[in-house]
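Presented as structure tokens, the chain that follows is alone, the form predicted on its own.
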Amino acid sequence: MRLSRNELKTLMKNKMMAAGLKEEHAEVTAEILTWSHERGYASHGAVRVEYYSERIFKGGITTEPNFTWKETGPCSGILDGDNGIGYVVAQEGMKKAIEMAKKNGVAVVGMANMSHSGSIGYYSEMAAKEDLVAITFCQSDPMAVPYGGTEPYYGTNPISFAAPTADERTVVFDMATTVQAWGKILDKRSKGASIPADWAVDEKGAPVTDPHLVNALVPIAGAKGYGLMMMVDIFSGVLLGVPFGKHVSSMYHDLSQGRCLGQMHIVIDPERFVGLEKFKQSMSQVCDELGEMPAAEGYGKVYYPGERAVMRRDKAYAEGGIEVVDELVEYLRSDAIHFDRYDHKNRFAD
């Protein structure tokens, strides 16, 4: 079913407000969820609303958090989110980082004690829209086996970076350090579809195509992805004094409790290095040269990171709106806050 941007955002906002989230925070969360869904990241869009609503309703997200900001140096600081909705905490942290980077050239801002914050590419893009360069790290609960291991230790632990250009284009890269994010498997479940055999393994470590049989995800490129997972956890967990590695709280174990997650934004002002205009001109040149490169057989073009997401967004609106699974639309339009489907489940909501 296709929905307009405003209808989807309003439905999601109203559902989370019905669960108990205050309007200001529901507005921010719904906006970022819509940003994800319209770009084709359905795994980080409407499919997440019922989970958030259940956690909010059961007290696992503080609806009136007391954010605490502490500058630890001219270029560093920590925002304690008091278990508030992660989208708002991550956004506020990036606002602080942008302000600090504009003033002092560089900002390293950590966010501690927050809940899940969705597509982290949104936050790095915030900086790029302010003519800054940013990288964001975010830890998550253990669901991936380390290279050579048999039990999950790290999460999907995503990384994002973004940079401006001299024109309307923005480079935005956002990836999980697993072959695929868990949200993509959730999306396949909601559609009754199978998954590629290289996304996950079962209890014996064998590849699976049934999303309901997934026991653990696998890191990208073996040992390299494993190293990246550790790096993300160090920056967004160990460095911030929040639970790390296998100690990161489960997304589904107890929805009445806070999660104490960590996230890190690093923001740089190009003006302090090569100069803003030269940097932006060079970034435009990079995007042009990539797009002009002869494509390999089976590929129509070489795209810069984030280009196809914007194309998917524009295509969706040209075709009448954002595509949302009918079941999700029915839930969003219903009077139900949640169906008690996530509490006290394992790491894969089973």
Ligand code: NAI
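Residues carry their position along the shown sequence, with the first being 1. The structure displayed is predicted, hence computed values, not measured ones.
This next part talks about the form predicted together with the named molecule, which is not shown.
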Fill in the blank from the handout: Note: the named molecule not shown here; in the predicted bound form, the stretch from 273-281, 111-119, 98-106, 185-193 having heavy atoms within 4.5 Å of it is 111-119
Handout entry: 4.5 angstroms heavy atom contact with the named molecule in the predicted bound form for Pro65
Key = no
Handout entry: Interface membership of Pro305, the named molecule in the predicted bound form, 4.5 Å heavy atom rule
Key = yes
Exercise for the section: Find out whether any non-hydrogen atom of Met175 is located within 4.5 angstroms of the named molecule in the predicted bound form, and reply yes or no. Expected result: yes
Handout entry: the named molecule contact at Ser124 in the predicted bound form, heavy atom, 4.5 Å
Key = no
Exercise for the section: Using heavy atoms only and a 4.5 Å cut-off, determine which of Pro158, Gly84, Gly93, Pro219 is in contact with the named molecule in the predicted bound form. Expected result: Pro158
Exercise for the section: Could you list which residues of 24-60 come within 4.5 Å of the named molecule in the predicted bound form, counting heavy atoms only? Expected result: Tyr41, His44
